[in-house]
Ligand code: BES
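Only one chain is included here, represented as structure tokens and corresponding to the form predicted on its own.
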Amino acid sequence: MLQFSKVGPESYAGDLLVYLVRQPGKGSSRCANGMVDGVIRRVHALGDFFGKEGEHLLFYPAEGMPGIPSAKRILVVGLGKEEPNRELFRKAGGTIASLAMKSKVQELLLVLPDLACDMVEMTEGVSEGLVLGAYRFKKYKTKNDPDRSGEMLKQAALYTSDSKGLGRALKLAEIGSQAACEARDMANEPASHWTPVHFSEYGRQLAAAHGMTCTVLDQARLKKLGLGGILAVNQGSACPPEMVILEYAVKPSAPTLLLVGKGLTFDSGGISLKPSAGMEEMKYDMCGGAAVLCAMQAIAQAKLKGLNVVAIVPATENLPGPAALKPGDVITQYGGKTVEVVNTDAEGRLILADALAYGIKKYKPDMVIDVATLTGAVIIGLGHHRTGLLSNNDDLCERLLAAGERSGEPLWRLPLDAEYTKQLKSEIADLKNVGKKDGGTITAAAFLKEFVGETPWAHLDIAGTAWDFTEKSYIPKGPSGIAVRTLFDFIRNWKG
């Protein structure tokens, strides 16, 4: 979809020509093209355009107008007064994509402005915004749907007088953003069309396409290995569980990162049934698994060299079938710890605990990151604007916080003191799976912490950001694809 253009704006005769302008302290915004600048000045004098962030001006030049480019449409998008940064350009890219699709534009040319900022940051930002902002999920729309605009934008080209050294930035931005869109697709699928076996099929396809190794542990293998958490959660479902393992190897001497993503393809709450209102959103409970697999897709496409990466997705449904796990049952997790299941709707931590303990024992990683739509409590604490971050390692936290900031997916670290683990003390087992409502996000992480030992570990609770994330021009309604680009950024910027 993205490329650099050798055709300049003066010669461009395509669907849409786009300029970005800053909002000045006073007067009208300035554009590099003199005739377009004249249009901006006239509109500014009417009080209709100031160059504020997200503000736009769309006009249709008359054919043969002297000095005006021959594009069918010209769009001017404001950047505001804020110091230029990657997120500002990302939002501008999203605005451009949205406006282009409203006009049923099939291809556009964006002229990168000459600003006092890092051109790599500008290139990556607008490129990410264009791809992410052009996303629409219309797989199940019928052919007579009158609005097909989301399928129209096919090609976006960037123009600058000197694109030397920017090709890699453009490519990485496109790879990461397309992977995030793939995660959105997975989450948008109905639970009937995205089951545990779809995770394993996707993993096998990724491995075949990119030279990775894929292993799928089926129900029989899970029983033999003793992964009691995922098996217990699966008891009420007619679909057997599967645990998907993808391995991306660069060299034996490189550190190994283990990624674990929660793959609950539908969560009814089990016997501890959720309220019916909003339960349809529980098809999104697999967004952590989607993020982990799609991050693997991105690092393999980009051929990143810094880390060996292993991804594990424990996948199952949580349903109240006749054999379903019951409140009060005691299960044995991988490794031997026993857990009293007080609430069957706290199931994500049970399957993650198995995957974490198994992955750490088998692959002996240097660090672990898990991603999960784990608790409603994180929405109470942080709303839909930041992902909850909990960890036993300060350095790992700092790297993730930086990656989230660069990706426009901010995180917020919460405490993880020993006092929270005490809330999980059981009278009849090693642990119980929930404590009191107080500090629910933290006690959930404290439960997981019991299965990682001394390995540096970070937990991302994306329940508030996996869908209904902060409204932005490049974030659609519904699933956001959160954490894919954060993980991709973390890995591509890894320095030992």
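Everything numeric in this text was worked out from a predicted model, so none of it was measured. The numbering used is simple: start at 1 and walk along the sequence shown.
Not pictured, yet referred to below: the form predicted together with the named molecule.
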Triplet Leu20, Pro84 and Ala157 all within 4.5 Å of the named molecule in the predicted complex via a heavy atom
no
Tell me, yes or no, whether Glu347 is in contact with the named molecule in the predicted complex, where a contact means a heavy atom of each within 4.5 Å.
yes
Can you tell me if Lys72 lies within 4.5 angstroms of the named molecule in the predicted complex, counting non-hydrogen atoms only?
no
Taking heavy atoms only, is Lys274 within 4.5 angstroms of the named molecule in the predicted complex?
yes
Using 4.5 Å between non-hydrogen atoms, is Thr375 touching the named molecule in the predicted complex?
yes
Picking from 463-471, 40-48, 55-63, 446-454, which part of the chain touches the named molecule in the predicted complex when contact means heavy atoms within 4.5 Å?
463-471
Tell me, which of Met282, Met152, Leu166, Cys181 has a heavy atom within 4.5 angstroms of the named molecule in the predicted complex?
Met282
Please pick, from Asp267, Glu174, Glu409, Glu242, the one residue with any non-hydrogen atom lying within 4.5 angstroms of the named molecule in the predicted complex.
Asp267
